[in-house]
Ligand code: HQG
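Starting off, we have a lone chain in the form predicted alone, written out as structure tokens.
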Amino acid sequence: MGETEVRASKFLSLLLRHNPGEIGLELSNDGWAKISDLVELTKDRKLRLTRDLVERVVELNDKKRFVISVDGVRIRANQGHSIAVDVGLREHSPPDVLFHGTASGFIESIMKFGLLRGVRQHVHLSADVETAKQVGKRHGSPLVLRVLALEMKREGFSFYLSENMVWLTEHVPVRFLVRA
């Protein structure tokens, strides 16, 4: 992605995951926004979204953070919301182990409280070490933790798999974490 697409992707993340009110955007209960509303509400902003730019961001985003509806009218974020939306996640049985990438500076807190969702609706987990490492790099020196997911599932924890293949759960207690 070029610089414009990266900026647009970050802006879409803000609007579709955290603060649609930033521009007066309305999301449906399941997180959808009309692309035409995005275009109209950003026409006088420094970063003006166009339908073409929105489509490029969706297509080029390596993490597939967004999806456009089948009819091409709406867009939503696949996961990562800090606002209440129901993206229709269905419970899935996880593999034995999942991974969580973080910065090494957070390890003391994590090993005390576990993985907390913070302001988001879920804790994000990866199916592979490399993806987790990439996530951890965003916050500093990366550290990867193994999550004993199947063990958690057996103890009654729920897991969900987003459309873009990110594993989600509400909390990972310390007893299910192992330094990778």
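Fair warning: this is a prediction, and the values are worked out from it, not measured in the lab. Just count from 1 along the sequence shown to find any residue number.
What comes next is about the form predicted in complex with the named molecule, which is not displayed.
Checked against the named molecule in the model of the complex, the candidates Arg51, Lys34, Lys63, Lys153 yield a single residue with a heavy atom inside 4.5 Å, and that residue is Lys63. The named molecule is not drawn, but in the model of the complex it has a heavy atom within 4.5 Å of His100. Looking at Ile110, you'd find a heavy atom of it within 4.5 angstroms of the named molecule in the model of the complex. Among heavy atoms of Arg45, none comes within 4.5 Å of the named molecule in the model of the complex. Although the partner is absent here, Val166 lies within 4.5 Å of the named molecule in the model of the complex, judged by heavy atoms. Of all the residues from 116 to 133, those having a non-hydrogen atom no more than 4.5 Å from the named molecule in the model of the complex are Leu116, Arg120, His124.
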